[in-house]
Every structure is written in C-alpha cells, then in structure tokens.
Ligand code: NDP
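First comes one chain, alone, set out as structure tokens in the form predicted alone.
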Amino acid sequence: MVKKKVVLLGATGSIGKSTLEVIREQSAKLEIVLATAHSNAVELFLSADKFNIPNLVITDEQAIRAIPPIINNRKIYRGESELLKVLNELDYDIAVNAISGSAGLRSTMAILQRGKTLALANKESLVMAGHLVKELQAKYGSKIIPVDSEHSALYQAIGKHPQQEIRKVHITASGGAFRTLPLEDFHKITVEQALKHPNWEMGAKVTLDSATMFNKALEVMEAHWLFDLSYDRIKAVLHPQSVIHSLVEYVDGSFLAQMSVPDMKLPILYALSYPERYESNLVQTDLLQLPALTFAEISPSRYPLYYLGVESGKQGGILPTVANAANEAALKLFTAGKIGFTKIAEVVEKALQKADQSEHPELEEITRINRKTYAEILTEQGIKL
C-alpha cells in the first residue's frame, strides 16, 4: 500500500498532537513528510524521532537562533518564508493546517496554490480571506476538507446533496465555560476559569474563544465560504453536551446530523482518510452512556461577541479581519491581566466602529490591517510588541 504523504503545520498544538495520535494508529496508511512548530522546538524534535519526520520547520525568530541546520539527518527550515518555499516544492498529498490564529493564512494560500488537498483547522484562513481562498480553489482545483468538528459534521451530512436541497445548516455550540454562570458574576471571571472547557481538550485561544462564543462566529463565517451558503441559511444553537456536532436541515423537513462523543481525533481521521473511512478504535461512542441531548438559543447578553462577529461576517470585506485581529489582541490583554473578561467584546466593538471598510481586500491589505489593528490595541494598553 502506498502511504498518503502528510504535511502537519502546528504539530505541537492541540490539533497537532491529536493528528499525531491518528497517524500513529494509521501508520500503515499515513506518513508525515513535514512538521512545523512556532517555538516548541524540543517537542517537535521528539515527535520527529518518534515518527521519522524528515523535514521540520521552526518559525519563531528566537527559537531559530539556537538550532543547527541539520539534526539527526533531518532538514531544518527556518521562518515563514522558508516554510512557504518548502510547501511549494515538497511532494505531499494532504496538508493539515493546525496553525493557531492569523499566522496560518499564508500557509493556506501556499497549499491551495499547489492544487493540494487542505485539511483545514485554521479558522482565520476563511474568516480573513474567504474570497481569496475561493478564487484559489477555482483556479488550481484544490480541495478543502474541514477539520473543525462542526464543519466536518456538515461536510459529512451534506455529502453529495446539491445546495438547492439544503434549507439551513445548524452549527452546535457547547456554550463554553460560563454557560450557566450568573451574568452578575462575569466581571469576576479569571483567566484560569476561562481556560477550563467543560467538554473539549483544546488549545488556549480556541478555549477562550469558546468561552466568549467568538469561535462560533468564526465558524459561521467559515460555513459561509465552505458551503457557499448565505448567512440567513446558517444558524448556531447551544448544545451543551457536544455530542451532535452540527445538523443539516433539508427542504423536505429532514435533519441529518453527525454525532459522537467530543474528540477532535475523529474529524481529523475523517479528513486524512477521505474519501475512504479508515477503521479506528481511537473514538468510541456508547449510545447508552450518552446524556440527554438538549438545544437552546444563544443569548445576546451572555455572548455579545458572537453577534458582533457574525455581523462583521455579513458586512464582509476587511471587517472580519478587523474583528479577528481585535479579538486576538483583546485575548492577549485579558490573559495579561490588563482587561476583564467582559471587556473583550468592548475592544472588538470599538475596533469595528473605527474601521474603514474595504470591499475586496487583497492578501497584502489583509495582512497589513490585521497587524495594524492588533498592534494599535496592544499599544493603547501599554503592551510592547
């Protein structure tokens, strides 16, 4: 059997680690030919030894200085420019983009320009540059298979059904760490509390975005681009148990859903095995052990950032980039103790109010506005970049 050659971007993060578990189980069918990390060089090198990964990339400037060009016969690349170059030259079948935040955007573009299959876990690629991503897909014939559990669920439930048969899609949300916390206690929320997700094991940024529900706004924007659906056909709903990962409502009144216990290894496995399904024991769901499944509306007073984010997506242009950059900056301020939890939404709202719209921004403008918005917010609070 010829193994699929996998590129893993963000190998030391939460999604990256889960991907490594999948590839360990499926080692007869999958092999990693390139793995990257931002600054966690030690963990990347350990994974390279375990999985015999021949090519490695470190992108953090400080971490780069201490690393020789070759370690244990493995080629070491340095910085984003070398990463983009190797993505353009290396032989691979599928790339998992699990880079956190806006830093993953240029890698998405590079993979799509090769006409490769992209297993996308980087929300910001579509949020900031969905219009450019669609243009690249059309030009180069590249495929995107979503890795987010919600979009993987939609991808599976839609299958080959044409768009005209879809009435709406429903993206489920756990509600994060503070779904039941009294609103009058929100001003007391600590970083440690916000980083404790009730259902999922995720990276810090995604966990914080789950607590504010900004992640769900990002997912609505993703769904708009992934499935070519207008915003009035995309809904999000609270589902605290995180068992049903999303639902497709068809024009005949039927709902199709994908469900399992919450574990990111399942959508990762689906993306890597597509169009097949590999036999696996990584995620097992016992129907008789599942809790009762419930659904509820998303409260604007509890989750204002969700509604701000969705509105920026509806407005389009440069505004989703502004919202995303402002949110990243606000999270940095929150984790640094500069602002309280309830101020995160206020920072984003202020940035959107100040923003000048640009209807069809190119990549350089998106990158410039992203950096400018982020830097201005932090500078106002006295944080040096």
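Residue numbers run from 1 along the displayed sequence. Everything quoted here is computed from the prediction, not taken from an experiment.
Same protein, other form: the form predicted in complex with the named molecule, not shown, and the subject of what follows.
Judged by heavy atoms within 4.5 Å of the named molecule in the predicted bound form, the contact stretch among the candidates 371 to 379, 20 to 28, 358 to 366, 6 to 14 is 6 to 14. Among heavy atoms of residue 174, none comes within 4.5 Å of the named molecule in the predicted bound form. Interface residue remark: residue 203 is counted as part of the site for the named molecule in the predicted bound form, having a heavy atom within 4.5 Å. Interface membership of residue 37, defined by any non-hydrogen atom within 4.5 Å of the named molecule in the predicted bound form, is confirmed.
Contact annotation: residue 312 falls outside 4.5 Å of the named molecule in the predicted bound form, judged by heavy atom distances. Distance criterion of 4.5 Å from any heavy atom to the named molecule in the predicted bound form singles out 121 from the list 217, 128, 154, 121. Put simply, of 247, 308, 144, 98 only one has a heavy atom within 4.5 Å of the named molecule in the predicted bound form, and it is 98. Annotated contacts: 94, 132 and 273 are all free of the named molecule in the predicted bound form [non-hydrogen atom within 4.5 angstroms]. Taking the named molecule as it sits in the predicted bound form, the stretch 298 to 326 never comes within 4.5 angstroms of it through any non-hydrogen atom.
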